[in-house]
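The chain below stands alone and is given in structure tokens; this is the form predicted alone.
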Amino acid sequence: MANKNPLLSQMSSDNSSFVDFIENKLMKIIKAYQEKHSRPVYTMSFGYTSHPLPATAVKAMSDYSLGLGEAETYTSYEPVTGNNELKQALTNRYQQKFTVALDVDEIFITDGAQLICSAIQELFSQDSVIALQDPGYPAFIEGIKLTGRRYLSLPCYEENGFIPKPPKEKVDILCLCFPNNPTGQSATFEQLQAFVDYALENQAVIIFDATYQSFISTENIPRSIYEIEGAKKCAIEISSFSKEASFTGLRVGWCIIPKTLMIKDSKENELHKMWSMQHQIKYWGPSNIAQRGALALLSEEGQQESQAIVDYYLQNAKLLRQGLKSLGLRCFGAVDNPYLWVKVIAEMDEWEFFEYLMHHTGLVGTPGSMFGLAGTGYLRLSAFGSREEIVRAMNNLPASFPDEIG
């Protein structure tokens, strides 16, 4: 069927971003629907978290902020690349959880993963060719388009399990995100090893978004790219406390650039030094209060509280998946991640399905084409809402969809 909705894909001819699409277009559709109907609407289009912060982090930030009001305990700037205690705690996390050894100064504390997905590209020459997953996290493609670099897509289709293969042609940068946003799929050791081998052979760099690493519990699924042999020579890893500890508003993440990382015409430690200089000039990291909260998250008590938040969102995702599968929909993801990737009913295009699902269930997701052309024909639902809303939405599902479509 012809697409009835005039909205175009991300960064289209009107140069709108994904955020602009959500805030100024998708929300208008939801508002217009609510004005015409008295039915409840459950908006699951966004990655906005709902669970309160871990108590350990709240206390640490409260105590530290009060100390800033006293001369004896006042502190000024943090080190430009991040609080040293926090960086040491992160190296301990990688060693204990992933058996990955890192130097403290290989970690850079950032204000989340969003900025770095785009900014890290500034390390590389303008003529670098970039390959990225399609569908994929919008910040990668939008960052590439802002710089005008040439890129190619790595299609993630249902027939390949939504896991792409390395490109056949030579590229300079590979942007990967696992567990993936939006498809929710995770790559195995063997699948990631193929990308690392490609990068080493072609002197390319992998930019690996590991934001959802704490959601993984399935065996044979790596949580860090550095669990893959050879990755320290070719990979940069980005991650964040935003989703695992509800730090979306506090903005604390990290970026790892090993000193052994090299590309063609570079020397060992050169890229690390370049990013350190860039960090000193452009990025001074999150507030010292937020960094103290992040440090508390890495204590034994803080990790337990963060895991409880991860489990909460995973249970939300499980409930969503069970509910929609009961309606006969094909669902993917929602196992080692907080996203559900739902296939459109065959007789519809994705915008018709978007409206159909909203009308018959109250569920509002994000059309898959907003994450890339290969996402066409799917809808992403986020499980970051409250448990009460998830349960209410599932309890209000119809016994089945009506036979007629329209």
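Please read all numbers here as calculations on a predicted model, not as lab measurements. Don't overthink the numbering: it's just position in the shown sequence, from 1.
Just so it is clear, the following notes concern the form predicted together with a small molecule, a form of the same protein that is not shown.
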query = For this chain shown on its own, do 137, 181 and 251 all sit within 4.5 Å of the small molecule in the predicted bound form, going by heavy atoms?
reply = yes
ask   = Ok, 242, 128, 224, 303: which has a heavy atom sitting within 4.5 Å of the small molecule in the predicted bound form?
value = 242
query = Considering the small molecule in the predicted bound form, which of 191, 114, 202, 246 comes within 4.5 Å of it through any heavy atom?
reply = 114
ask   = Might residue 320 be said to contact the small molecule in the predicted bound form, defining contact as any heavy atom within 4.5 Å?
value = no
query = So in the predicted bound form, does any heavy atom of residue 211 sit within 4.5 Å of the small molecule?
reply = yes
query = Counting only non-hydrogen atoms and a 4.5 angstroms cut-off, does residue 353 reach the small molecule in the predicted bound form?
reply = no
message = Would you classify residue 378 as touching the small molecule in the predicted bound form, given a 4.5 Å non-hydrogen atom cut-off?
response = no
ask   = Since the chain is shown here on its own, which stretch among 291 to 299, 67 to 75, 211 to 219, 141 to 149 would lie within 4.5 Å of the small molecule in the predicted bound form, judged by heavy atoms?
value = 211 to 219
